[in-house]
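Let's start with one chain on its own, the form predicted alone, as structure tokens.
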């Protein structure tokens, strides 16, 4: 568990939340919403720890007993509620609401963090609403959601809402740098993630898929028209096919950039400049444009109810030059 000062990005939100603690103007209910993987849950946990800290500085001091307990995940006044199966059920919310009645163990605050709050059943949301309408002193609720539309308006109106936006490319790179192992790979995944560190880390874990798409493109460019191209065996399901097409689209976008500008610093796959240069020399500009248009059409077809193999074949045939 992290502290606010270690959280990358979202500076205005961090300043607002720490200021509320310092000035003792903490609301009884908060809602953190925005795209998946941008740090809402991390911020929620940092806020919870700061609320429980006895240091009084607006952030977790990491020295007091309260911070030690919250860091170890054993603080008796920090309660986590997650979906039980497909939803958050009324039983869970009743237990939460019953717990909010009792005094905290440390004679400070009690903090309840509800993950994927949009997955509350109607009965659970109605039960939770009663607690929000009559807030208990020293009790703070933090709701986390990707889907604001899934939160009932009656609950929404009783929460102080903070929207978490996508992070800058530099911030995402900073977050995943340690996992990536190299600045070039971190940069590539940061660009592909669209501003979501969570997605960047997921892509990093699946970077073999990008490398497989690049290997296939190079093979088809070198051995064009020599054999019928076949999609990689490891592609499974529509989602896997869509990801494969996305990698190819980004790859040939880079090829076009090299052909048009010759500037390597504009590449997304900046860690594979030599391979992209090979592809740039294997196709003329018109062929690259045709491949990109076919990739766009393939992505549209995969989003619909079409035969996955036929959709991929059309793109691979185009890359192979048939």
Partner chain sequence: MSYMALYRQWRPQLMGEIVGQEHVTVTLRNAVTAGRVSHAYLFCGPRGTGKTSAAKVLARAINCPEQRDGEPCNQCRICREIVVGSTMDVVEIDAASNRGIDEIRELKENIKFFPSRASRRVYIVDEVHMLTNEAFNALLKTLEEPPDHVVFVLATTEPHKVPLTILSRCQRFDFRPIAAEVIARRLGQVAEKGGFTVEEGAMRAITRAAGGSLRDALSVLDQALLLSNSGTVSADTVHGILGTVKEEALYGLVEALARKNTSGVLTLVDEIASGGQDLHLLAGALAERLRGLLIAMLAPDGAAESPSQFFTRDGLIRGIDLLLEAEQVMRRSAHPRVVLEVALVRFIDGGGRPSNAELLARVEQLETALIGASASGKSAADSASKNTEADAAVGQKKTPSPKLPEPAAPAPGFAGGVGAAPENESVNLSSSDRYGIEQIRKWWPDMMQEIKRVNPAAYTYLSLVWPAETKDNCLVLGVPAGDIFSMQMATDEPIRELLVRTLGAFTRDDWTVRCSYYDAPPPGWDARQASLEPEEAISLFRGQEVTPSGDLDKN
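Positions refer to the first chain, counted from 1. Basically, rigid core = biggest C-alpha set you can superpose within 1.5 Å across the two forms. Quantities reported herein were computed from a predicted structural model and do not represent experimental measurements.
Heads up, the form predicted together with the partner chain isn't pictured, but that's what we're talking about next.
Stretch 191-199 is the contacting one of 87-95, 191-199, 71-79, 174-182, since its residues have non-hydrogen atoms within 4.5 Å of the partner chain in the predicted bound form. Shown alone here, residue 158 lies within 4.5 Å of the partner chain in the predicted bound form, counting heavy atoms only.
When contacts are judged by a 4.5 Å heavy atom cut-off, residue 111 does not count as touching the partner chain in the predicted bound form. The partner chain in the predicted bound form is approached by residue 168, whose closest heavy atom lies within 4.5 angstroms of it. Remark: residue 250 counts among the residues lining the partner chain in the predicted bound form, judged by a heavy atom distance of 4.5 Å or less. With the partner removed from view, the residue among 256, 282, 270, 61 that has a non-hydrogen atom within 4.5 Å of the partner chain in the predicted bound form turns out to be 256. Of all the residues from 257-273, those having a non-hydrogen atom no more than 4.5 Å from the partner chain in the predicted bound form are 257, 260, 261, 263, 266.
Residue 13: CA moves less than 2 Å between the shown form and the other one after rigid-core fitting. Shown in the overlay between the shown form and the other one, fitted on the rigid core, is a CA shift at residue 288 of 2 Å or greater. Comparing the forms between the shown form and the other one, the C-alpha position of residue 243 differs by 2 angstroms or more, with the core used for superposition.
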